[in-house]
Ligand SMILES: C[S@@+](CC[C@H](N)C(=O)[O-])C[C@H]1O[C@@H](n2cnc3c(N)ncnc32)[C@H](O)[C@@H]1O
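This document starts with one chain, in the form predicted alone, laid out as structure tokens.
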């Protein structure tokens, strides 16, 4: 096979050039001979020393578990194209027809994604006041505790005991960028602290409240893990905390029921402070219903609101979206 032969010190520069020219042969490993490196090429390349060499073939690793999993052809189109990865745990949503093949799907995910150590299927919707779901073990280790990394922080959690979604990492960074140094933040539904721990890097103080004892247990661990000592973890009903906190910024990440806590949010934000409200909305009219409730609550309290930003955060269900509305309270 044809090869380009160059001294070791020129190897990286040569590799980039061959890629740029489109002549680097794919599927073969690079060869080293003494002080020289040989690159497999598809033909002669002007300006380089050309030699003959034998190269070992490199087997291409599959990019998706769907390339290796064995299921009947008639249900193959039902295989999900994506799944959540939390730390070293994968959580996949499988239609009923695929559940009998759950183990094969789990093993395929482990084979393709070497950093994943356990695979679970969603066994129910997120439900209950703690917002958790049943998980069905498919393959790998039978554990649900892990450490997840996002936005430069580490979050220890148990995916079976607390609510957490990695799909809001970009949204959490958006709020971080809006947070100003020295602010006081009120995270009304903090969970294990993905907002609180991140915002603590800028804020003077973060009050982080959650009703789930397991969430607060992991929140306390994450405060230590990230040295976020300006986060104040509070176990309890946010209604009992609201009004006792006066914050520059309030985070309401409870999209299914956030509208029920608008009064508490507005009583807890300083004049001119910002509330980050989350909800679910139909594709044809994402924001109107939520904005009407926000305005009505403000009127009841003798306050006014100024809407700053509206955005679709992510798809939630067919023709339904998780939305965010940022507003100032005066």
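Positions refer to the first chain, counted from 1. Owing to the predicted nature of the structure, the values given are computational and were not obtained by experimental measurement.
There is another form of the same protein, the form predicted together with the ligand; it is not shown, and what comes next is about it.
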**Asked** Are all three residues 131, 188 and 211 in contact with the ligand in the predicted complex, where contact means a non-hydrogen atom within 4.5 Å?
**Response** yes
**Any non-hydrogen atom of residue 236 within 4.5 angstroms of the ligand in the predicted complex** = yes
**Asked** Does residue 194 reach the ligand in the predicted complex, with heavy atoms at most 4.5 Å apart?
**Response** yes
**Asked** Taking heavy atoms only, is residue 92 within 4.5 angstroms of the ligand in the predicted complex?
**Response** no
**Message:** Even though the partner isn't displayed, in the predicted complex is residue 172 close enough to the ligand, meaning a heavy atom within 4.5 Å?
**Reply:** yes
**Among the candidates 144, 226, 179, 253, the residue which, in the predicted complex, approaches the ligand to within 4.5 Å (heavy atoms)** = 253
**Fill in**
Only one of 68-76, 117-125, 99-107, 238-246 has residues with a heavy atom within 4.5 Å of the ligand in the predicted complex, and that stretch is 238-246
